[in-house]
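Below you will find one chain, with nothing else, as structure tokens; this is the form predicted alone, and questions on how it binds or moves follow later.
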Amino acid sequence: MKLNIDKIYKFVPYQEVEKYKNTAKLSNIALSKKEGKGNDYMGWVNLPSSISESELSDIEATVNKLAHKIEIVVTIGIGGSYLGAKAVIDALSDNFAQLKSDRKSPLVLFAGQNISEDYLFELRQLLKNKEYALVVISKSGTTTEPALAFRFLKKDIEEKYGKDEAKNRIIAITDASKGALRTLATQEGYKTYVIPDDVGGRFSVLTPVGLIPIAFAGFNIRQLVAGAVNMEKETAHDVKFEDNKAEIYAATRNALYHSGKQIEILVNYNPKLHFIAEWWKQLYGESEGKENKGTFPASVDFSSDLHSMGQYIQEGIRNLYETVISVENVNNKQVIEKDADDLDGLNYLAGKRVDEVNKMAELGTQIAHIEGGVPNIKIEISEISEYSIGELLYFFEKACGISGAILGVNPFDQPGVEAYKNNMFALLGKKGYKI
């Protein structure tokens, strides 16, 4: 993975980035020592390198035991219990996987990530005629959205298969010793995995929370972890600032933020990366958006959104910058052929790959946006693979921990998330809550 910040210097000179060099380094050292604000939620820092062979083998064995007899696995969770797995699976999957009948692995669907009655009804209707299993993810077991979905889906799976077989088709990922889901899993005899106490939801993709759904989807979790391990080494506190991508990205974000660029747009030119951006938005929004501080994380899918959001990005309020994820190598070669009539005027592209056109759209957009007053950061991954996605995820996590510390907030809590819940409970008449 490569990081290039050269295209910000027209707006923020490198000296401004360097002002955060020492703070970034000290923040990284604090993370390595598990010191500072939120230090009880820093288990993710050395998580990749601490995942054992036995843990990976156990996940693979559990998945293999079920995968051959099911068509669908429904993963029930919200926030970090949903977005990490969804991001990786979408990135690595065929764009039209849901429509293909020759899949070698179960289709992974999600529930409990919303409270849509239509979504829940339609999912339940689909599952009636399918062979399926459930993966339910919740530390407490009482988070409204996943708990509600699981109440319905648990009833359905027990009615379909009987309680004895249903318990073999339910995997619970929860707290090690406490909470409603842990109690239920123990009572019913579900296969269980632990969400570590010191890993918050938005940093949990490399725990069983993400690894189990990703393995069900047929992807190589060992390579995903290996990529993250490599990035853990490359962004370690003893790697000098000039070579430390996470420290540079964190310092750059803070330099841009304090120059008035308070919106960061994560850009991709490959639709497979759409949910990487959704995961990234939670990671940075929930980590930094507090105490009336923080860069607002947004995202766009180019070139699609160049025809919707492009006008604003080019000429709107100059309070934003872009971080572009660029994919160096695309494997599925499509060459543009010459057309005898050339009514569409595209013969000038004959002989070129579609990806070359996409790359020139990327470069042309970068030039236009910089000229229009939008700083650009570029992150380049070699390809979309388990290894490169593992690198990318850990890079963003490490940079987030450093960036939040530079900003002066606790990157690992989310007190504001409770506000809507309290109001919702009061409106629904839950005892002990009022607006």
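Keep in mind that this is a model prediction, so the values were computed, not measured. Sequential numbering from 1, following the sequence displayed.
Missing here is the form predicted in complex with a small molecule; even so, the following discussion is about that form.
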Would Gly201 show up as a contact with the small molecule in the predicted bound form if we use heavy atoms at 4.5 Å?
-> yes
Check whether Ser140 has any heavy atom within 4.5 Å of a heavy atom of the small molecule in the predicted bound form, and answer yes or no.
-> yes
Would Thr75 show up as a contact with the small molecule in the predicted bound form if we use heavy atoms at 4.5 Å?
-> no
Contact test in the predicted bound form: Gln282 vs the small molecule, heavy atoms, 4.5 Å | yes
Only one of Gly289, Gly310, Gly179, Gly79 comes within 4.5 Å of the small molecule in the predicted bound form by heavy atoms, so just point that one out.
-> Gly79
Contact segment among 182-190, 296-304, 359-367, 79-87, judged by heavy atoms lying within 4.5 Å of the small molecule in the predicted bound form = 79-87
